[in-house]
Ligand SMILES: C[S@@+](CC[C@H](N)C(=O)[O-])C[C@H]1O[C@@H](n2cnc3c(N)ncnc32)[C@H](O)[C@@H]1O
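As C-alpha cells, one chain now follows by itself in the form predicted alone.
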C-alpha cells in the first residue's frame, strides 16, 4: 500500500458520495429494508447488554455515518452519538433529517477522514461502530488499531454490514444464492428507474476498494481485533439483499452468506 493509493481511494470516496448524497437513501434498499433494520436494532441491543452496568452515559462513535441511519438508531437506544463522515454532502442530508425530526440528544456531526479523526481525537467511546464503511478503505487493520485506542475500558467495537470474502463451500447453495439475486436485482432496477441517470451510473470501482478482492476476510478482522486487546463476543455471517423478503429467503431457506458482523469487547 502507498500513500498515493490511499489518497486515490479517499478522493474517489469524496467524489462518489458527493454525487450520490441526494439519492443515497433511494439507492440503497439493502440498508432500508425491514430485515436489515431489525438486524441492526438487535446488534445495538447486543452491544448495550455487553455495556450494562456502566455508571456514566454511553457514548458511541458512528464511523462513516453517511446519511445517519445507524446514528439515529444509536440515538434512539439512548447513546450520546458522535457521527463522523468524510463527505460534507452526506452529512448535509443527515443534518436535514435532524432538522425535520426531534432527536434527544442530537448526534454531533463531524466531517473528517476516519484515520485522521481517530488518530487525533481525544474523546473515548463506549461503542465504536463501523457499518458498511470498512470496504471503502485501503488499510482495514489500521482502522481497527486506531479505533481500539479510542475505546474506554470494556468498550465495544461493532463491525457490521461488510462484504464477506469467502470460498464457495456448497455449489448447490451458491446456485440458489445466485438464482435469488437475479429477481432481487431486477426488482431493484425497476424501483429506481425514475431516478436521474447520474444516480444510476456512479462508478464505485475505486471507492468500494475491498470489493475488488471479493470483500473483507472476516478471519483477518478477528485476528486484528484480538491483536489489539479485544475479545470477540459474537461473529455472524449472513446474506444481505436489496429487499427484506429476499433477505428472509436467503437467510432462512438457502442459508447463504455474503456479509458479516463482528462484535468485540476491549479487555
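From a predicted model like this one, the values you see are computed outputs, not experimental measurements. Numbering follows the first chain given and starts at 1.
Although not depicted, the form predicted in complex with the named molecule is the subject of the following passage.
Engineer: Would you confirm whether the three residues 146, 224 and 228 all fall within 4.5 Å of the named molecule in the model of the complex, going by non-hydrogen atoms?
Structural biologist: No, because 146, 224 and 228 lack any heavy atom that approaches the named molecule to within 4.5 Å in the model of the complex.
Engineer: Heavy atoms, 4.5 Å, the named molecule in the model of the complex: which of 188-196, 133-141, 100-108, 147-155 makes the cut? Say which one.
Structural biologist: Stretch 133-141 is the one.
Engineer: Are any of the heavy atoms in residue 179 no more than 4.5 Å from a heavy atom of the named molecule in the model of the complex?
Structural biologist: Flag for residue 179 set to no.
Engineer: With a 4.5 Å heavy atom cut-off, would you call residue 119 a contact of the named molecule in the model of the complex?
Structural biologist: The answer is no: residue 119 has no heavy atom within 4.5 Å of the named molecule.
Engineer: Since only the chain is shown here, I'm wondering whether residue 13 would be in contact with the named molecule in the model of the complex (any heavy atom pair within 4.5 Å).
Structural biologist: Answer yes; at least one heavy atom of residue 13 falls within 4.5 Å of the named molecule in the model of the complex.
Engineer: Quick one: is residue 84 in contact with the named molecule in the model of the complex, heavy atoms, 4.5 Å cut-off?
Structural biologist: Contact check for residue 84: yes, within 4.5 Å of the named molecule in the model of the complex.
Engineer: If we check the named molecule in the model of the complex, which of the residues in 14-48 reach within 4.5 angstroms of it by a non-hydrogen atom?
Structural biologist: The stretch touches the partner through 17, 24, 31, 40.
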